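Here's a solo chain for you in structure tokens, the form predicted alone.
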């Protein structure tokens, strides 16, 4: 397994490079630039813009801009004249942000504390993990229960609930939760207090995990119904094994494999921030910051958002593949 994990990690490098190249190319081809698309700043003089373009290397050839951002760059100290290697995004250095004119780095914006508060990544990651746990811990038992009670009122109720959540987007669910529980019943505040460790997280967690909950529930139900008809399940039941033993020891291990498959891309998307949920509930996460970066043509921030997502997607898929072997010993990593 160790060799398999190492191979998968090494394969992430060319994937990151390809995604970085495509993202960088699309960003550069988009009309406008970081110094003329930000409506919150005054129009700068041509002299100042020339200095900034030189500082960020925007006048260099495309391949040179990409390699210095993605891999490394040789910088010269203006005082001593000594040269040093400055690693790029592959080394974890996403560079300065264009919107701050180089005053702040991408790492500070995404992963740094702000006035004693946690980083934007913390808010997005915590919200995503909570939403994923909410969807999994409720979706799998509901799907199993619906399959075992097929064609009963319980099955119909679970199907109705899951279809409702799948049909509605996170945006609609978020607005409904705010209208009902914040504005109507006033169980929660419309303007959240993020110093509270629990209350402001409840509604955005439900909103973000609702669609995933419905999808996981329906997928689990379908998988259990398929496994339920297999010969080895009938044999176990014929031997007189307890129904709970048959379900949890024999059926669920095989039925949960399709659910595990979708958890890879699902967890990456949730952890790296979801725009609608963060805007509706005013979560100070990464989603809104990355959208603003696209509008302002903040190339370094755009690249960082794409690379962080791909990194977590690869990590989540690797964990999914490892979970396959844990759930089903018949699966080999060779």
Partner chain sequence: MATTARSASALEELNLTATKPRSLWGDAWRRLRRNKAAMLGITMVFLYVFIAVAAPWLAPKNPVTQTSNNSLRPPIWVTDNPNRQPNPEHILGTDTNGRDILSRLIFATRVSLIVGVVPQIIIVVIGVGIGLVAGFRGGWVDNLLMRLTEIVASFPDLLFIITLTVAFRETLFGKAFNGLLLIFTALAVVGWTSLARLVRGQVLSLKEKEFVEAARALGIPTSRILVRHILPNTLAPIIVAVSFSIPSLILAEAILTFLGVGMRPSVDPANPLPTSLGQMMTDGFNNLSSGPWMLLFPVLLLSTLVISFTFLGDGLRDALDPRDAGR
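All figures in this text were calculated on a predicted structure; none of them were measured in a lab. Residue numbers count along the first chain shown, from 1.
What comes next is about the form predicted in complex with the partner chain, which does not appear here.
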Just to confirm, residue 83 within 4.5 Å of the partner chain in the predicted complex by heavy atoms? no
Is there any non-hydrogen atom of residue 31 lying within 4.5 Å of the partner chain in the predicted complex? yes
Would residue 323 count as touching the partner chain in the predicted complex under a 4.5 Å heavy atom rule? no
For residue 164, is any heavy atom within 4.5 Å of the partner chain in the predicted complex, or not? yes
Judged by heavy atom distances of 4.5 Å or less, which residues of 198 to 226 approach the partner chain in the predicted complex? 214, 215, 218, 219, 221, 222, 225, 226
